[in-house]
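Shown here is one chain on its own, the form predicted alone, set out as structure tokens.
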């Protein structure tokens, strides 16, 4: 990874036009070619960026990043304060949050908390776009895909919807429905889930661990 701190202005042309006036910023160039410009604030989100694959051409005080989509990012530097390259090595990937992983484990041990007569078919059931956390059968024998999150948000609903599309290609599972299970399901996620025909349930982590009796409602 290359980290450059420079006083620069940035211009983007592509789906729209954007301009960052002259200021001191961090320019991050990742090994895969991704280029991102950060300010000293705003958490993790860059001010502007170009995802790989792209082409970076360094000129005299100007970097130009282009891709096959016709997008162009031009970084004009008036002063470079530091320019450092660090070899990070291969990343092992993100491990699930301990609570989230434990939630999945606890539900797998007793899926009847999601519905009377339910049974577990498989944990981490594979699809061609990734594994769904739990594949179950309800009391009537219908397939149910359960995605487990610590916080149920819109992206979790979208993820489960994609899994359901792939699972529905298997005639042995059709019709298959989905349930988003989380400690907290955000209101926007509830609305989106219900519009997609996906159920949701809020889980009491302490109750699942046996600290107190679980009281959950499946919608």
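Residue numbers count along the first chain shown, from 1. Everything numeric here is computed off the predicted structure, so don't read it as measured data. For clarity, a rigid core is taken as the largest C-alpha set superposing within 1.5 Å between two forms.
What follows is about the form predicted in complex with the DNA, which we do not show.
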> With a 4.5 Å heavy atom cut-off, would you call residue 55 a contact of the DNA in the predicted complex?
Replying inline: no
> Is residue 188 close enough to touch the DNA in the predicted complex, meaning at least one heavy atom pair within 4.5 Å?
Replying inline: yes
> Can you check whether residue 63 is within 4.5 Å of the DNA in the predicted complex, heavy atom basis?
Replying inline: no
>> Residue-level question: is residue 89 within 4.5 Å of the DNA in the predicted complex, judged on heavy atoms?
In response: no
>> Tell me which stretch of 125 to 133, 138 to 146, 106 to 114, 76 to 84 has a heavy atom within 4.5 angstroms of the DNA in the predicted complex.
In response: 125 to 133
>> Could you pull out the residues of 152 to 167 that have any heavy atom within 4.5 Å of the DNA in the predicted complex?
In response: 154, 159, 162, 163
>> Rigid core aligned, does the Cα position of residue 11 differ by 2 Å or more between the shown form and the other one?
In response: yes
>> Could you check, with the core superposed, whether the Cα atom of residue 53 shifts 2 Å or more between the shown form and the other one?
In response: yes
>> Superposed on the rigid core, does the Cα of residue 37 end up 2 angstroms or more away between the shown form and the other one?
In response: yes
